[in-house]
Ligand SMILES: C[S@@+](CC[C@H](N)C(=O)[O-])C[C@H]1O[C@@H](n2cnc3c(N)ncnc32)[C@H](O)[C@@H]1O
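Heads up, the chain below is alone and in the form predicted alone; it's given as structure tokens.
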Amino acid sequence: MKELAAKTVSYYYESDNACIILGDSFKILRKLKAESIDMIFADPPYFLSNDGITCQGGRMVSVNKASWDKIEFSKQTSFAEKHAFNRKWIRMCKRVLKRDGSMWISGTLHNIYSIGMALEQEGFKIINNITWQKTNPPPNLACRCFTHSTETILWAQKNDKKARHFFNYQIMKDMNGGKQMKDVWTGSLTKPSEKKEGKHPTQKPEYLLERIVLASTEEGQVILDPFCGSGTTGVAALRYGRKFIGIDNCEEYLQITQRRLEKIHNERKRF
């Protein structure tokens, strides 16, 4: 995996098919080789940490995730600064993405509209707007609006006439009982069994990333997650014979990622 770094990068963990890097994604992305990545999945900060409350396990808890999700913006410049943040990391991801590669970005109403605009401004074309419908969302405690039960996942490619993104149509059709798969995906939140190695406040379920990996990559290709958190993207990548690069600025989360990747590595060795 070291061949993908144009400059010296200190790896937090490395195996034959995966590496995770502790540090600022903006700084690390500059060190990766241009057009070296086949697919990117990103779950960037949603900027949800506003001191509100939600329900978790039947208990009232704070919506605050961590410092990475709570950036102090002034009222006058909050949107401009958040949008500049999104444009910056998307621009840096574009540099490392291959011409025929594609990028998936997950978000909620708090950031997805900025991301959609940023994608177009930075030279991407949106392929699909996936709605992930959660079967067991937390209830709305305030009872002043509808229960938030969906997230949006944008799938995009470079806006280049010669670009040809990969889509495994047949596998998606087979997974959907022989019918064309639609852009609404329904499923539960992350299972407790997937959090045995440690918890992350916005951890995505494995089935979601497995579908994304299978839909848009082939075996042996390289997948990057610039905000990898607890490593679900890496788990899906290794499980299906892809290579993985993950970046995060929180060592606690990378410890979880490492344990999960080692577990998948040991499982594959047994078969």
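Numbering starts at 1 and runs along the sequence shown. Worth saying up front: this structure is predicted, and the values here are computed from it rather than measured.
What comes next is about the form predicted together with this ligand, which does not appear here.
- Proximity of residue 240 to this ligand in the model of the complex falls outside the 4.5 Å heavy atom cutoff.
- For residue 43, a non-hydrogen atom is located within 4.5 Å of this ligand in the model of the complex, even though that partner is not displayed.
- For residue 202, a non-hydrogen atom is located within 4.5 Å of this ligand in the model of the complex, even though that partner is not displayed.
- Proximity of residue 232 to this ligand in the model of the complex: non-hydrogen atoms within 4.5 Å are present.
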